[in-house]
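So this one's two forms of a single chain, laid out as C-alpha cells and tagged structure 1 and structure 2.
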Structure 1
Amino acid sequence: MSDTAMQRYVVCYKWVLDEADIRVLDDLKVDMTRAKGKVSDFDRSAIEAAMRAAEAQGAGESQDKALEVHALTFGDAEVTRSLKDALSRGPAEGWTIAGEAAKTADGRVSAQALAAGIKAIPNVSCVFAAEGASDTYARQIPSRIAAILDWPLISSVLTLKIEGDELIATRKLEDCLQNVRVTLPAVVSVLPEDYEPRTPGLKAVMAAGRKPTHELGSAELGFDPNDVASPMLSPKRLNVSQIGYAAARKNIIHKGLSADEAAQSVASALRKEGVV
C-alpha cells in the first residue's frame, strides 16, 4: 500500500462507453456492441482540476512535496482497463472497486462504493469529481459522497485554488458567480469550462503502465462489491430500457427568392413555429 504520510487528493472518475461508437438504428434501437470504453469527458476535466490544484502546491517537483493525486473508480470487471488512460493524465496511483454490483448501480450504490474506497485510502484531504458523467449526467455522486463522508461540498466550481487547509472556489450559478471558502477535507465538483483536459503524450502513456494500482475488495471496503443481493448494493432505480431519439423535421425549403426575401421567409417560418 501507499505511504500513509503522503497527503492525497482523490479524483473519482467513471469508465463509460464512447458515444461516438454508439449507433441508433432505423427502428431507434440503440446498438452499443461496438462501443469502446473511455474515461468520461467530464471526469477528464475533474482529473485536470485535481492535477492543477496539486501542481500549484508543488506536487511532483521534489521529494519534499508530500502530495499526490490518486484516481478512484467503481465498475465491473472491465474497469481495470481504465487505469492506463486515467493515470496517463497525471495521477500517481490508481484505485479500482470492481464488482458485479456496478452493472446495475445507481447513484446511491456508486456513491456508497466510492465513499468506502475514499475511506480506505490514507490521508485524503480533498475529493474531486465532475458534476456528472457523460453517459447519464445524473449529478448525484459528489453530493452523495459528501453526505456519506460528512464533508462539505462545493458544487458547480468554475475555478479553484487550495491555500493551506482551505479551498477557495468560484462557483458558476445561473445568473451570477459566487466565491466561497471551505476548510478541508472537502468534496468539490467541477465544471469543464476552465479545465480543458491535457492530452497525454507517448511518455505519459508509457509511464502510466508503471504506476502503482490497487484493487479494493471486501477487506478494505467492509462489503463485497460482487454481492448483488446486499441491500447496500441494491439500486433504488433500474434502467429497464432505452431507445434512440430522432427529431421530426419539416424540411421546409425556401427557394426562388432573393437573399432578403429568403431571410424574411425563414424568419416568418421560425416565428410561426414559436422558435423565435
Structure 2
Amino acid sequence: MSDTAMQRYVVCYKWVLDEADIRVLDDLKVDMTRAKGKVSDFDRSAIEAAMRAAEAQGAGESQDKALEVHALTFGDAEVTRSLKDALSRGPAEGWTIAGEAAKTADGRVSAQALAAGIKAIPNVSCVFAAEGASDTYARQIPSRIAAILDWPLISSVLTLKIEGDELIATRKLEDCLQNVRVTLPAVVSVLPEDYEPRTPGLKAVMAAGRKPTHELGSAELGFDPNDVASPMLSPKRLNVSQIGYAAARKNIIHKGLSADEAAQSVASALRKEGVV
C-alpha cells in the first residue's frame, strides 16, 4: 500500500520532568536540577489507547500496512531522547518538533506547534492525547488542537472503538457515562482508567531504536521551532513564576504513646478545633 493511502493515528505525548524528583527548598524556591525526564504518565495511557484502537483493526499484523500509530512530541533539544521510550510502547514511527520555543511555551504555543505537526504528517485520521500532562496538568492541549484544526473533540474518553471512519466512545463525566459517535477525523482525549499502559519488553525496546523518526522543521511546519520571535510561537502569557507549595500544618505528631493515649489526645484536639 502506498504511503499516502496509509491511514495514521497520531498520539501526542510530552516529555516531562518527574515530579517525584522535584525539591522545594526552605525559601520555597523550586529545585528541578535533579529531576529526570519521563514520558508523561497520562500520555502513556493515551499511547495505549491509540495502540489498542489500531490493533483492534489489525494494525501491525501484516506487511500490508493500512493503518499505523505515530507518536508526536514538542519539546526542547532534549526531547529526541524521549523517542525510544515512546516508540517502545508501540507506535510505528516518531515525529519531533524540537527547539528553543518549547522553553517559553504556554498551552497556546504547544498546541500551535503540535497542530502544525499533525498537518505535516500525511493522512492523519485521528489524534489521541491525554486530558493533561503530569507536569502542568492544564488540560487545554487536546481542546486547543481540535480548535486549531477545526476538528470535533471527544474529551474524557473512558473507552473507544473505531470502525472504518466511525469512532464510538464512552465518555465519563461527573455524573454520567455518555455514549457518542463521530465520523473521523477527530481529536480524542482519554482518561487513564481503562488504559493501563503496557510494560515494554526487551524486544520492544530493541525494536524501538530501529523505528523511523522524523524531526520537523520550518520546511514542514512553516516556522522554525527555534525562532522564539515567530508569531506562532509567542506565548499568550506574561510574568510566569513558580514557587514551591508549602503546607501550613500544625505537624503535631504522636510517637511512642500507646494507641489509646495517642487517640485520646488527637480526639480532644479535634473537639477543640470544632471539626467533630
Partner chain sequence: MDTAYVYSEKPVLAAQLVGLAKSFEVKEVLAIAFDDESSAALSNCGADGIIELSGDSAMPENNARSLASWLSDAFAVDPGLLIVGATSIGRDLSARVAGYLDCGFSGDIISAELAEDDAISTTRSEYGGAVVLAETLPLPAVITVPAGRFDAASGAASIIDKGTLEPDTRIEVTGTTPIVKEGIDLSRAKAIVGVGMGFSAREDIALAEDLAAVIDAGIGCTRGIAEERHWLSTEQYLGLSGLTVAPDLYVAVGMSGQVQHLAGVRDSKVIVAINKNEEAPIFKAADYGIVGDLYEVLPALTAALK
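Note that the structure is predicted; figures quoted are calculated from it, not measured. Only the largest set of C-alpha atoms that superpose within 1.5 Å between the two forms is called the rigid core. Numbering runs along the sequence of structure 1, starting at 1.
Of the two forms shown, the form predicted alone is structure 1. Comparing the forms between structure 1 and structure 2 on their rigid core, the Cα displacement of Ala219 stays under 2 Å. With the core held fixed, the Cα of Gly37 is displaced between structure 1 and structure 2 by less than 2 Å. Here Arg237 counts as shifted, since its C-alpha moves by at least 2 Å between structure 1 and structure 2 after the core is aligned. On a core-based overlay, His254 has a Cα shift of 7.8 Å between structure 1 and structure 2.
Superposed on the core, the two forms differ at Leu25, whose C-alpha moves 2.9 Å between structure 1 and structure 2. Summarising the core-aligned comparison between structure 1 and structure 2, the C-alpha atom of Gln264 is found to shift 8.5 Å.
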